[in-house]
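In the block that follows, a single chain appears as structure tokens, in the form predicted on its own.
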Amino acid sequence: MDVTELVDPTDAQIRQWHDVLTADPSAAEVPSVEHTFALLLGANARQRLWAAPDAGGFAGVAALRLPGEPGADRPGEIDVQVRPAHRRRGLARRLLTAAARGLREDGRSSVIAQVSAGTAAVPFLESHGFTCVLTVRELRLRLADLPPGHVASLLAAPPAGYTLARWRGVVPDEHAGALARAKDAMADLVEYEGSPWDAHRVREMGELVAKRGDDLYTVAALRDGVIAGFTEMVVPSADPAHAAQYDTAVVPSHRGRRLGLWMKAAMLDWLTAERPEIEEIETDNSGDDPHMLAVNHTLGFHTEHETREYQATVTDLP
């Protein structure tokens, strides 16, 4: 079965791609067709796409996202999906090989993949040079389930000496450098992301979210006018009822003051007032970060399922 690159996918091809993503009845999450269209047409980074045609549809697909410029130190991001009926025939390996060639052509040294724990993707990745670098619990908060007054009670006693700032979209210039330093506080992620944050990169991230039509919201805790911590939320234009938690971090010297809980509660207070169409918020939690897991549970999040982040060096790929 041949693997071909999709340079400019048509609507019909995107629907065939979506059919592959939704073909596995055991999948923990099933994306909407709108989400698939947004993913393939409005990606937040450069990307390349491959598919294996079969009987009027696709038997398998692979997406390779390439954040930053060619040759960047940041890893590529790969997602390979094969219909259950076509597995164990070498198709996933052929799709991975095509994506690996794309990584080499872009000058990348590594790649990451996110898969659900307990699925066939785990042994596949581990047999093709990937190593698990992070376990992630995915959580969900249904706003209708929040007890009346719960958020207000979390905001009632702010940490002494701190103030809150908030903005929508790209970070204001006066906070860009401090936000980058705060993002580097996520020490458990920096190692496999491969590149430190700087002011340019945090602006680029906000610009990319805006280019795809989504809304980025940020709440930051300030001490003497400098960012001590922050939390981000994105409301997707394709599905504004389901917001997504992005990064949350507290600078090490400011930890232990409940800033994470305070900032996240302030974000909930802001979005429930400004975006009443939001019904649910999704987030994830590093398996080795029990503190943030406790914060999310206090807010009302419930664990949905567990995923794993895998990383491989390009030289180890087929």
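All residue numbers are counted from 1 along the displayed sequence. Computed from a predicted structure; not experimentally measured.
A second form of this protein, the form predicted in complex with a small molecule, is not displayed here; the remarks below concern that form.
> Does the small molecule get within 4.5 angstroms of any non-hydrogen atom of Ala99 in the model of the complex?
Because no heavy atom of Ala99 falls inside 4.5 Å of the small molecule in the model of the complex, the answer is no.
> Would you check, heavy atoms only and a 4.5 Å threshold, whether Tyr217 touches the small molecule in the model of the complex?
Tyr217 lies outside the contact set for the small molecule.
> Using a 4.5 angstroms cut-off on non-hydrogen atoms, would Ala92 count as touching the small molecule in the model of the complex?
Yes, contact at 4.5 Å.
> Please run the contact check for Ser110 against the small molecule in the model of the complex: heavy atoms, 4.5 angstroms, yes or no?
Taking the distances in the model of the complex, the answer for Ser110 is no, it never comes within 4.5 Å of the small molecule.
> Of the residues Arg88, Lys211, Arg142, His200, which one places a heavy atom within 4.5 Å of the small molecule in the model of the complex?
Among Arg88, Lys211, Arg142, His200, a heavy atom within 4.5 Å of the small molecule in the model of the complex occurs only for Arg88.
> Going by heavy atom distances of 4.5 angstroms or less, which of Ala238, Val136, Ala120, Val170 would be at the interface with the small molecule in the model of the complex?
After the contact test, the surviving option is Ala120.
> Go through 156 to 164, 74 to 82, 241 to 249, 100 to 108 and give me the stretch that gets within 4.5 Å of the small molecule in the model of the complex, heavy atoms only.
Residues of 74 to 82 come within 4.5 Å of the partner.
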